[in-house]
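Okay, so here's just one chain, in structure tokens, the form predicted on its own.
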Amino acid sequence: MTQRLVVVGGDATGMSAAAQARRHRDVSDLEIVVFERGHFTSYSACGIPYWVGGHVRERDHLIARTPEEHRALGIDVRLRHEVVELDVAGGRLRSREPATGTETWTGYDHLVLATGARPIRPALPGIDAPGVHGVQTLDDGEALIAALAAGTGRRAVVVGAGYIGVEMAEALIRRGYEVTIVHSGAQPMSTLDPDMGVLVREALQGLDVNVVGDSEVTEIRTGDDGRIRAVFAAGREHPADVVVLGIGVAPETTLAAAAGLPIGNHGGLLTDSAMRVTGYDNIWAGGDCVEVLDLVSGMRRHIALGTHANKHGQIIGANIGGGYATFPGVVGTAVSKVCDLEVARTGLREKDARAVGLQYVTATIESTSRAGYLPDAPVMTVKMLAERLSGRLLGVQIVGREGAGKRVDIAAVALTAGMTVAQMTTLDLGYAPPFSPVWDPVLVAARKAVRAVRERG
């Protein structure tokens, strides 16, 4: 008898799961229905800042596979359908078409929850005024680009200084805006330790970005026409013709929580290693709506990244299709840039290590991304954390220019393998003067960390 797989969410996890399940099981064996409340499927939300900034010319360049292409594979994609209720006991869900208000119950044999994350949007005066934009979806990107094209002012305020915040700062600089970043932390990029965040702030200021830290936004002020005029934070007013929110995201688990599915300490769904929702044989979840195991700390955490979301979808689809796959966990690798500055991190920060009771040493070095005798060799700073007695690598942060960011992958592999900093010093990395000094900066940091372990041990 034909079974039905129902997927809630038509982006990375949801469509990867649907496509992978279809590869394993044909239409006569498995009916696949996808509910997506937006207008698009399988697109890169991470690419939106680069579309806004003009690096990407067309919206459709960010779309990996259209609804029509999925339908051609035998996947029933239903756009502009919002799922409003899960009936877990009855094995069904209720969807609504916003355009007509029509509601329909649909039964399932397998359910995949790929509801993603929702942008944090604090309840502030003026937060919904014209001129205040998020950048979560392609629709958001279109609205922002249209507003920038139609606007006459040239002052932008970005609220938040995480990955999206600094990437949007670059996009607005490229469009000729005067940019102010207002954020609540002491330094931008709270995913870094403050001593590394300082380097990001200095680089942003070198690009004439006004970086305002330790400032909680309390109001977005509007004029008589209802449009925004300024952002008010910590007793200061920052003039603005456009405001972009980059405060962060939280797991979108409203439906799941209402249905009684297990939610973790960070607000995400809990799953087993096969990406089944804990305690349920036929409900699966992945992507930004779940919590994952941190392989370094041994704790669960929420990380919203497309890399994990696509892997989760592949694993879910393979398992539903009759195969076998698991997701072991993450080490927390991320990389970003603002203009020519590259920022990367993996593993634990100092406060993360303290929070889980790990004693550690640190080592920070400055080097170049290629042989120093070559003209204009870009400078980079590498910070490394290692466990105090064992020397186990705990984390790496990198801030630098061309060639700096992707070096974090060396550390990501070492973390996944559970290597010590002493073992890292013997890694056989590629070397030639245009690509690296004879001692790669990551290995220089590892050598310094070895000395710190010996001294503290």
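Throughout, we count residues from 1 along the sequence that is shown. These numbers were taken from a predicted model, which means no experiment stands behind them.
What follows is about the form predicted in complex with another copy of the chain, which we do not show.
**Q** Pick from 98-106, 119-127, 304-312, 218-226: which stretch has non-hydrogen atoms within 4.5 Å of another copy of the chain in the predicted complex?
**A** Heavy-atom contact with the partner occurs in 304-312.
**Q** Non-hydrogen atoms within 4.5 angstroms of another copy of the chain in the predicted complex: do Ser190, Ile247 and Val249 all have one?
**A** Judged in the predicted complex, none of Ser190, Ile247 and Val249 sits within 4.5 Å of another copy of the chain.
**Q** Considering non-hydrogen atoms and a 4.5 Å limit, does another copy of the chain approach Ala186 in the predicted complex?
**A** Outside the cut-off, so no.
**Q** Does Thr416 reach another copy of the chain in the predicted complex if we count a contact as any heavy atom within 4.5 Å?
**A** Judged by the heavy-atom cut-off of 4.5 Å, Thr416 is in contact with another copy of the chain in the predicted complex.
**Q** Report whether the minimum heavy atom distance between Tyr50 and another copy of the chain in the predicted complex is within 4.5 Å.
**A** Output for Tyr50 is yes: heavy atoms within 4.5 Å of another copy of the chain.
**Q** Taking heavy atoms only, is Glu69 within 4.5 angstroms of another copy of the chain in the predicted complex?
**A** No.
**Q** Since exactly one of His39, Arg388, Lys406, Arg65 fits, which has a heavy atom within 4.5 Å of another copy of the chain in the predicted complex?
**A** Spelling it out, the residue with a heavy atom inside the cut-off is Lys406.
**Q** If you apply a 4.5 angstroms heavy atom cut-off, which residues in 409-448 are near another copy of the chain in the predicted complex?
**A** Read in sequence order, the residues that approach another copy of the chain (within 4.5 Å, in the predicted complex) are Asp409, Ile410, Ala412, Val413, Ala414, Thr416, Ala417, Met419, Thr425, Thr426, Leu427, Asp428, Leu429, Gly430, Tyr431, Ala432, Pro433, Pro434, Phe435, Ser436, Val438, Trp439, Asp440, Leu443, Arg447.
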